[in-house]
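We begin with a single chain expressed as structure tokens, specifically the form predicted on its own.
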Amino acid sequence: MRMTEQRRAIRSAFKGAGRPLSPTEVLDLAGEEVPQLNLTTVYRNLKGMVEREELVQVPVPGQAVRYELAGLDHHHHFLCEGCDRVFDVPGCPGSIQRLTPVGFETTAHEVTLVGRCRVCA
């Protein structure tokens, strides 16, 4: 897939934001660079970028999926109840494996903290 003006703006939106984004947030940020960008184009590019492993999906409990750049170190997320934005939480609690019931095997985990960001607090 060739590097279009739209894809370049979408990639730039993720790099500039430094956090997981919803398709609407991508449209708002990338639309500053490419005003004619529309939500259909954003969704098409997000799908292609996930397929090419440039982006990964970030599941958010009870909400639509967000997206972030692929290749980041293992981390978790914080969902702000005030502004509905998702932020990266670096690292991982070392005791997470101790939560696994006896006889079970953990192969992956997702942790999403919920609260208010510093702007909304």
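Counting begins at 1, following the sequence as shown. Superpose the two forms; the largest set of C-alphas matching within 1.5 Å is the rigid core. What you are looking at is a predicted structure, and each value in this text was computed from that prediction instead of being measured.
What comes next is about the form predicted together with another copy of the chain, which is not displayed.
Trainee: Please determine whether L72 contacts another copy of the chain in the predicted bound form, using a 4.5 Å cut-off between heavy atoms.
Mentor: Flag for L72 set to no.
Trainee: I'd like to know whether R116 contacts another copy of the chain in the predicted bound form, with contact meaning heavy atoms within 4.5 angstroms.
Mentor: Yes, R116 is a contact residue.
Trainee: Check P35 for me: does it contact another copy of the chain in the predicted bound form (non-hydrogen atoms, 4.5 angstroms)?
Mentor: No, P35 is distant from the partner.
Trainee: Do M3 and another copy of the chain come within 4.5 Å of each other in the predicted bound form, heavy atoms counted?
Mentor: M3 lies outside the contact set for another copy of the chain.
Trainee: For the three residues P59, P90 and S95, verify that every one has a non-hydrogen atom within 4.5 Å of another copy of the chain in the predicted bound form; reply yes or no.
Mentor: Yes.
Trainee: Using a 4.5 Å cut-off on heavy atoms, which residues of 74 to 108 contact another copy of the chain in the predicted bound form?
Mentor: Sequence-ordered list: F78, E81, F87, V89, P90, G91, C92, P93, G94, S95, I96, L99, T100, P101, V102, G103, F104, E105, T106, T107, A108.
Trainee: Spell out whether the Cα of L113 moves at least 2 Å between the shown form and the other one when the two forms are superposed on their rigid core.
Mentor: Comparing the forms between the shown form and the other one, which are aligned on their rigid core, L113 does not shift its C-alpha by 2 Å or more.
Trainee: Aligning on the rigid core, do we see the C-alpha of G62 shift 2 angstroms or more between the shown form and the other one?
Mentor: No, the C-alpha position differs by under 2 Å between the shown form and the other one.
Trainee: Taking the rigid core as reference, does C83 move its C-alpha 2 Å or further between the shown form and the other one?
Mentor: No, because once the rigid core is superposed, the C-alpha of C83 moves less than 2 Å between the shown form and the other one.
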